[in-house]
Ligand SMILES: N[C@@H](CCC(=O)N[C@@H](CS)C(=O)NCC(=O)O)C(=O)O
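What follows is one chain in structure tokens, specifically the form predicted alone.
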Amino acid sequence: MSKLTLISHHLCPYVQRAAIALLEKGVPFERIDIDLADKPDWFLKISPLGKVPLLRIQEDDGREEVLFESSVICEYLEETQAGIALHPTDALARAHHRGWMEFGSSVLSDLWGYETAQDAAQLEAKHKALVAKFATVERVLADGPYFAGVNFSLVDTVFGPIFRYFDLFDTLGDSPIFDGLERVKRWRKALSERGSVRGAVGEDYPQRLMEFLDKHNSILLRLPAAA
């Protein structure tokens, strides 16, 4: 059996995708967290883009391979590991799911601008962008509890880490982003209760996220606290 090692960062949502997929598959793996502000030399030697996640695959015969990019890692796990299927069997449905995974990455791009906004104008712009993105998702969601209905999928591995941000953001006083989006709210709740989603981060995740916001002088920390 191959030994799998996930090279990680405590907060990275892309790492969380891979961790969720590994947990859903029930695959034993080691997780090594690195400091992205002080990347170790061994990491830079094996990471073509200098980013996480990486999946290091060590074979019994001594061979070693390294995969980078979260979508590639998740697809590899789906193709090589037994356990729960995380993609539809139909080719067209799989293609649709891959498209919504990319859409999730675009949501993360707006989230970065939202959480690092230092003034009200930037925060408002990113707030509106996120509301629009989630309204788009609302229109394509099935009856739940997950993206495509009863089956958990790789799309869910993408959005679980996205919704996790709002567990903290909702306490910081900005106006709600999910108002009127009942399917999105139901989906968010279901993902927050999934064991693999919960297990993809450490118990210190909220504290680390607060420290990240403080480091970036986020205006979210200067808003009147939510009731």
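Residue numbers run from 1 along the displayed sequence. The structure presented is a predicted model; accordingly, all values stated were derived computationally and were not measured.
Omitted from view is the form predicted together with the named molecule, to which the following refers.
Interface residue among Lys51, Arg56, Arg164, Arg194 relative to the named molecule in the model of the complex, by the heavy atom within 4.5 Å criterion: Lys51. Proximity to the named molecule in the model of the complex, taken as a non-hydrogen atom within 4.5 angstroms, holds for one residue of Leu209, Ile219, Cys12, Leu23, which is Cys12. In the model of the complex, Glu69 approaches the named molecule with a heavy atom inside 4.5 Å. The named molecule in the model of the complex comes within 4.5 Å of no heavy atom belonging to Arg186. At the 4.5 Å threshold, heavy atoms of Lys39 reach the named molecule in the model of the complex. Only one listed stretch (86-94, 119-127, 136-144, 69-77) carries heavy atoms within 4.5 Å of the named molecule in the model of the complex, and that stretch is 69-77.
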